[in-house]
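Shown below, as structure tokens, is a lone chain in the form predicted alone; questions about how it binds or moves come after it.
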């Protein structure tokens, strides 16, 4: 830090398992990645290439190498996994993970209908190859999943071998954990936390108000995802009470 301030909340240090910040890369250029690493690399724990953007992005291997050189792992969005599954190309998906040297993978079923037992089989299989994050929740705003089912799916996916479970919100933050207005489904989140260990959940929270809400509920070192590249440093100030939204909360 550039100077000393007393009595700030204590942040975990990288490499960490709590206080994760997952950034969504929706097509940054190599120069933008270099700039992001220079300014915010210390605060980024992992990067997701949004949905299936990795399919069309040029110089993908070069981008992955840039992140790796900074000690930041990355992974393909869950929609790409679903695209391979929908085309009966799971073996091909496994091959591209190796081809691009990825150590993480996301398993989701937000865009396709998939029997949950089959999803857990994919998790178990991939967990032998990479570290798996599994996403729970639908991308369909009209599909409301009751809390008991969120809990049940999170439990079974962790048992199947997922390292962390992701609470769905999309990059817009208006489905899954949130109402279409972006408001947190508070009862859902609080009920999930009665059964699932907090450190095992990565909450997608792209909007500032959502980030503030989770930090006030769970503390400085809550795991947050789908953070825009230009919001990494602003989020870090929210985490440690140096933005008006949490200024009084941590004093």
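From a predicted model like this one, the values you see are computed outputs, not experimental measurements. Residue numbers count along the first chain shown, from 1.
Keep in mind the form predicted together with another copy of the chain is missing from the figure; the text below concerns it.
Although the partner is absent here, residue 18 sits far enough away that none of its heavy atoms falls within 4.5 Å of another copy of the chain in the model of the complex. The shortest heavy atom separation between residue 67 and another copy of the chain in the model of the complex exceeds 4.5 Å. Another copy of the chain is not shown here, and in the model of the complex it never comes within 4.5 Å of any heavy atom of residue 118.
Among residues of the shown chain, residue 149 is not one whose heavy atoms approach another copy of the chain to within 4.5 Å in the model of the complex. Stretch 92-100 is the contacting one of 125-133, 92-100, 154-162, 176-184, since its residues have non-hydrogen atoms within 4.5 Å of another copy of the chain in the model of the complex. Of the residues 52, 46, 196, 217, just one reaches another copy of the chain in the model of the complex with a heavy atom at 4.5 Å or closer; this is 52. Site residues 2, 8 and 230 are all in contact with another copy of the chain in the model of the complex, judged by any heavy atom within 4.5 Å.
Contacts between 222-251 and another copy of the chain, taken as any heavy atom within 4.5 Å in the model of the complex, involve 230, 231, 233, 234, 236, 237, 240, 242, 243, 244, 245, 247, 248, 251.
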